[in-house]
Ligand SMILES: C[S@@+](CC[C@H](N)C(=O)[O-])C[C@H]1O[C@@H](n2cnc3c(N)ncnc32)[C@H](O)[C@@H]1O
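The form predicted alone is given below as one chain in structure tokens.
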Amino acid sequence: MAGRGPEPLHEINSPRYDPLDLMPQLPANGLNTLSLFSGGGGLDLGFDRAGFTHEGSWELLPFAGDTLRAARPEWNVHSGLEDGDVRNKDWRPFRGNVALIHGGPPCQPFSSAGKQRGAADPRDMWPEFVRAVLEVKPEAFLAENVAALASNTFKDYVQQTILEPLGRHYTITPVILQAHEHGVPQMRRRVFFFGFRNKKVAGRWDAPRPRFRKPGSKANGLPETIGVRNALGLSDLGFDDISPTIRSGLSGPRHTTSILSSVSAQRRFAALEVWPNGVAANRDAARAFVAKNGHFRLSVPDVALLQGFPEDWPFQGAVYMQIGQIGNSVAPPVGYSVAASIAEAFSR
């Protein structure tokens, strides 16, 4: 950073992958959405590209709100400890004006990487999501979380907190989706709860189907998901693969600029000759800051691409905050597939 260090080993990379190709802009469908726990905007972007009209976003982190405003100045964004806190919001004025509510309540209470305290964790915001749905009474809702929420560990929690209060009014279907099956070069498994007020619409809905297969997997008629090195425009090693799950830099006891989620993730990055620790702010800085093992150092734009965000998505804040927004987000192409499936059900 002071201009002293080893000579750079890698040229500044030019990515060969554009997530917007996975999300062709669909015409407006006349369905308005409210976004809760919006974060860096993964679901917001996916629904926007699928033709939904943005009615408002609520997000506690100020820098995440800044990201959304920078990306879409015309959006109605509420952020910060007061304006962005959903616990202080009366949602009833939106009744009759919103067709769908979507959001990803904080996953830390359920993540296998954490203590899995569930309802005992003060970060558990599922009751607030449920309250918003019950007050607004939209035609549909979509909620996302870590796949662990669908495990037996939280079976009673899901039944009592989500299915019982909302199941009286909505037909609810949980679906587990893999990001790489929707073109994102990352192993990322998440559960999505789809809820429809109208039973006929629920009957017309089809869960999003895989569009891609993992590199090297058995051919099933689907194209391969692009690998990390190809996506980032790196040289050919004769081997490529999708990225391990990208962790948030905001999780754990301290903030970090590492995206490593496990020891196995470290081994996969090493095989790809990609250095996932000390993510740099931009590609110039990443090139100058040579990793000790000589592997390619990631930058924030690179990590964003591996999560499925377009090159120009303007993440705000310090590097750890930008990495946190990326790692906490729904991969936008997955959000797009989810949103398109809902729009299709309403259009039939």
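A residue's number is simply how far along the shown sequence it sits, counting from 1. This structure is a prediction, so every number in the text was calculated from the model and none was measured.
Form predicted in complex with this ligand: not shown, discussed below.
Taking heavy atoms only, is residue 185 within 4.5 angstroms of this ligand in the predicted bound form? Residue 185: no, not in contact with this ligand in the predicted bound form.
is_contact(residue 37, this ligand) in the predicted bound form, heavy atom dist at most 4.5 Å
Yes, residue 37 sits close enough to this ligand in the predicted bound form that at least one of its heavy atoms falls within 4.5 Å.
query: Should residue 127 be counted as a contact of this ligand in the predicted bound form, where contact means heavy atoms within 4.5 Å?
result: Output for residue 127 is no: heavy atoms all beyond 4.5 Å of this ligand.
Consider residue 334 of the chain shown here, and say whether it contacts this ligand in the predicted bound form, taking contact as heavy atoms within 4.5 Å.
Residue 334: no, not in contact with this ligand in the predicted bound form.
>> To test your reading of this chain, name the stretch in 98-106, 133-141, 155-163, 258-266 whose heavy atoms come within 4.5 Å of this ligand in the predicted bound form.
In response: The contacting stretch here is 98-106.
Discussion item. Going by heavy atom distances of 4.5 angstroms or less, which of 319, 61, 291, 31 would be at the interface with this ligand in the predicted bound form?
Written reply: So the residue touching this ligand in the predicted bound form, by this definition, is 61.
Legend entry - Heavy atom within 4.5 Å of this ligand in the predicted bound form - the one residue of 227, 244, 208, 84 that qualifies: None of the other options qualify; the answer is 84.
_Residues in 301-335 close to this ligand in the predicted bound form, defined by a heavy atom within 4.5 Å, in order_ = Stretch hits, in order: 328, 329, 330.
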